[in-house]
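So this one's two forms of a single chain, laid out as structure tokens and tagged structure 1 and structure 2.
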Structure 1
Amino acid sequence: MRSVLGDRRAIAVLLGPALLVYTLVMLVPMGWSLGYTFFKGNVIEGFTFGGFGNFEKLWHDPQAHSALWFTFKYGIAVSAGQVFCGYVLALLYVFVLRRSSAVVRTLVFFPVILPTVAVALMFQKLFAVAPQNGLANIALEGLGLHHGDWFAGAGGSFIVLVLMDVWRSMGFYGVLIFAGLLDIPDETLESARLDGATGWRLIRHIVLPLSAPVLLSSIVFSINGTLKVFDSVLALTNGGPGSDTTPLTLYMFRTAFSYGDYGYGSTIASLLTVVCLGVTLIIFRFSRRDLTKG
């Protein structure tokens, strides 16, 4: 193995095809998109060089600011819900259900494979108010509470969006974190119990630090997925009411493909790339803390 790793020609032969495919599939489109940010127009009308005009427009665009704020708000709320619910499910699988958790895991994981449009239609029916109340409003009225049209305002639409995406994906994070918890040696847990660490103390001082790598991976997966949300919003609210639930991805799509402004759409896409990269770097920076030190 050392002789192979020391041979530059062998390294080039082994890694060259993968690097070539990665460059063609990932880096070239990104560079092409970045180049569009300096132009105005589209493939039908033609392009004209606009310098930094698209970036200046983005800086002063209130719709872009609204979309960026919604993207951050949605990403934080849904990621917190996904990872928290996934972690609770994983603890339930390992410490309560144990070997009989396979059926529960399958049932909770089932929404992950459902089409987004089908899930969105189901949640529209659950929270409907006309022509008849959905189950959510029936349950609230049974508790003496009343809620009007969930999709008529930004707050109600945001709550339904968060509930839908947390419900749909918490099974995936439950299985992902469950696999990480299985790597914790039984001897370590048993030793901690003999030392008097049970319940929350066992989770806080033993399970949580030892599961930090898989927890970090879950957070990175979740935050990057939610910052790039598109299909859920399009299927459930179409960005409405008005533009109150429009994330950057949907605003970018409409700008580039509905209004034919490729340059400004690429500028919005570049902003989203910078946001995802910045958030990921912040998470990795924070993860360097030693969780075992209180």
Structure 2
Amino acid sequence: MRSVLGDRRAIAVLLGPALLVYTLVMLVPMGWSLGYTFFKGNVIEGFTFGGFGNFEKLWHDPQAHSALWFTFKYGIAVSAGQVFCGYVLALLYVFVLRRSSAVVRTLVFFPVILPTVAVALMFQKLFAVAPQNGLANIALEGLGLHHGDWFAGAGGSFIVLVLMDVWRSMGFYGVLIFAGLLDIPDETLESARLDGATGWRLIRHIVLPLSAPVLLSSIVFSINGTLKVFDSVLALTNGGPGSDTTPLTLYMFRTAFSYGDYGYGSTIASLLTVVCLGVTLIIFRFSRRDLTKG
């Protein structure tokens, strides 16, 4: 039987096309991009060899530093918001709404599938001050919290950006974590309740530890997505005011396509890749240590 499942011709026919496309369009360009980091210039002006010049420039570039810092700040704020709100939603579905949660789940999930650009333009208008005060501003003023132009400063822009991305994606994490909570056996919850664990204590000592795996995959998923943020920033603030909300992705895009510096653009892209891989590995490390402790 092994011979049938090991039929080489069939393997080649089935795997070949996908592997070929993946290699030519992703693996080769990845290596090629790494090669660019040693060059200056672009396709039109031609390339000159620059050694480690791009890396040195990156090391001393204040704009790259602020983009890196913004990427981390945004990644941590939005991931924390997404996973926390998702967890609260999942608890709500499982323990409060129970079987009637389907309708609410469907409703809260809807923004997940909306185009980011559409959502960003909508939030621009929600928080706008001209030509008319947006709905969010009107609601805040009704509560006695006056706020000027949100997009005039770095702080206001950042807050709207985080609010928007958490609003957009919490339904997704809600369903993801909900699925994980369903895997906790009823008997475990029941015996914990008989031992006197209810409410917050039940969640803290029973539900939270037992849902650690799904929580971990949510965090990895979330961090990986937020570090690569591009469309929501571009559409909401366009990186501004100034370059206050410019993440590495947008800085790379501008460097390569607006200033035509392929070499430096590739160097920024490589930094982003290293950050993504590094952060994922660090999370896995931490989680393993925690699991052995618990």
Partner chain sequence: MTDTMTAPPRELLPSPRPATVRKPGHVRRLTRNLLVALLVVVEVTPLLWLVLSSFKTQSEFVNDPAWSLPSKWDLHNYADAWTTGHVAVYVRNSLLATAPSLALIIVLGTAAGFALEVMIWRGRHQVLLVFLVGIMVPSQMILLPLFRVYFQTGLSGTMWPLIITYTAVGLPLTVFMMATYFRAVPREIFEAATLDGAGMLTAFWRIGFPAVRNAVFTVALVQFFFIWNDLLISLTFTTDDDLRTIQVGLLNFTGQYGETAYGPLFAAISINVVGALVLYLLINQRIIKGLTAGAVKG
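One-based numbering along structure 1's sequence throughout. Values in this document were obtained by computation on a predicted structure and should not be read as measured data. What we label the rigid core is the largest C-alpha set whose atoms superpose within 1.5 Å from one form to the other.
The form predicted together with its partner chain appears here as structure 2; structure 1 is the other form of the chain. In this core superposition, Leu27 moves its Cα by 2.8 Å between structures 1 and 2. Core-based alignment between structures 1 and 2 gives a C-alpha movement of 7.3 Å at Pro17.
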